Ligand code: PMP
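Just one chain follows, in the form predicted on its own, and it is written as C-alpha cells.
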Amino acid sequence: MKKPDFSALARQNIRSLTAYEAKEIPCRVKLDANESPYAPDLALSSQVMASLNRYPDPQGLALKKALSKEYAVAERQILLGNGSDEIIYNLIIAFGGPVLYPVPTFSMYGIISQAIGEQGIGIPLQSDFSLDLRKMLAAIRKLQPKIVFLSSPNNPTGNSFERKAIEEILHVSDGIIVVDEAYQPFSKEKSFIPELKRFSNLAVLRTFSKIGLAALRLGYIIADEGMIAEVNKVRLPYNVNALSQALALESLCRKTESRAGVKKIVAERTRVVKELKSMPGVESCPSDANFILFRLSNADAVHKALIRSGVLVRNMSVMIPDALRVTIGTPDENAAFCAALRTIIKERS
C-alpha cells in the first residue's frame, strides 16, 4: 500500500492553514510568551492526589462556585475550558460564522475560524491601534457576524479599546460580542463582567494563564446562561483535569498572592517603558497588559542579536512592521533585557 497524500486528503480549508507555532528557543532570559515570572506557592491536597484514578468533576462545580462568588454571577453563567483557546473553538463550533475581529490581534480567532471552515473577517485597527469603529460597525451591519472577538487589552498591541466603542458594538450587533480579558488584571480599565446585566449578547473571556498559572491551561467564559447552555453542548467531556481545577481553586482562596504579582509586573512595566523611551530610535507603545510592544528599525536583526545575547522576546514583524514584543519579567530579567537592547542599539549606530 502506497503512502497516502495527506495534504490531498485534508479538507480544502486546512490545506492553506498555517499551524500556530509556540517556538521554544533556549535563552537565559525568556520574555516572549506573556507568562508571569512569579509562580504561586500552591500544593495539591492528599485528597486530590488520592483520587487520580478517577475522572475529574465534569462540570468543575467547586471552581465555578468560587468564580461565581468572585464575580457576583450565577454558577450557570460560567463555563470552564482547557485554556481560552478551547472556549474560542467551542464558541465558533456552537454558533458558526462569520467571525469578526480587529487586526492585528490574537491569532487564534482567525486560525480556529479557518480550521472549522467558517469565514474569519479581520478589520484593520487604526494607526494608533484603536478600533476603527466606523469600519467595524459597517462590517457588522453588512455581514451580520455570529461572533465578534475583541481582545481588550489587545494582544499584541497592549492597548485597551475605548469602552464606549465596545458598548456601541454591543448595541448594534445581533450576534455575540466576546470581550477577551486575558490581560485585564494588568489594566487600569474596569472589567466588562458587570455589564453582563445590561447586554445579553456579551460574553467575557478570562484565563488563569497570565497571573502565574499558565501551566494549568485553564480558561473560563462568563455569559448569559442561555449562551453557556449552547456552548456546553459541544464541550468535550472531562475537558478540565482535576489537578488544574484543584490548583486554580486554591489560587482563588489565596488571591492576595497573585494580586501582589500583578502589582509587581505593573510597576516593572512602568520602569521598562521609561528605559525604552530613553533609547534612541525606539518607539514604545502604551500598554495595559503584561507586555510592551515596541518598534525600531531592523527589528529582525535586533531580535536575532537579542537571542545571541541570551534574551528572548517575540518578533511581531509579520503582523506589525519592525515591531518586537517583550513580556515583563522579574526586575533582574527586565534589567538584562534593557541592557542587552541598549548595547545592540549602540553597536548598530
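All residue numbers refer to positions in the sequence shown, first residue = 1. Since the model is a prediction, treat every value here as computed from it, not as a measurement.
Note that the form predicted together with the named molecule isn't included here; everything after this is about it.
S.K.: Want to guess which of 263 to 271, 140 to 148, 76 to 84, 122 to 130 is within 4.5 Å of the named molecule in the model of the complex, heavy atoms only?
M.R.: Contact-bearing stretch, as computed: 76 to 84.
S.K.: Quick one: of 89, 192, 183, 161, which gets a non-hydrogen atom within 4.5 angstroms of the named molecule in the model of the complex?
M.R.: After the contact test, the surviving option is 183.
S.K.: Tell me, which of 187, 209, 244, 173 has a heavy atom within 4.5 angstroms of the named molecule in the model of the complex?
M.R.: The residue from 187, 209, 244, 173 that makes the contact is 209.
S.K.: Whether residue 255 contacts the named molecule in the model of the complex should be assessed with a 4.5 Å heavy atom distance threshold; does it?
M.R.: It does not: once the named molecule is placed as it appears in the model of the complex, residue 255 has no heavy atom within 4.5 Å of it.
S.K.: Check whether residue 109 has any heavy atom within 4.5 Å of a heavy atom of the named molecule in the model of the complex, and answer yes or no.
M.R.: Looking in the model of the complex, residue contacts with the named molecule include residue 109, since a heavy atom lies within 4.5 Å.
S.K.: Should residue 251 be classed as touching the named molecule in the model of the complex when contacts are defined as heavy atoms within 4.5 Å?
M.R.: Answer no; every heavy atom of residue 251 is more than 4.5 Å from the named molecule in the model of the complex.
S.K.: Can you work out whether residue 217 and the named molecule are in contact in the model of the complex, taking contact to mean some heavy atom pair no more than 4.5 Å apart?
M.R.: Output for residue 217 is yes: heavy atoms within 4.5 Å of the named molecule.
S.K.: Looking at the named molecule in the model of the complex, which residues in 153 to 170 have at least one heavy atom within 4.5 Å of it?
M.R.: The stretch touches the partner through 155 alone.
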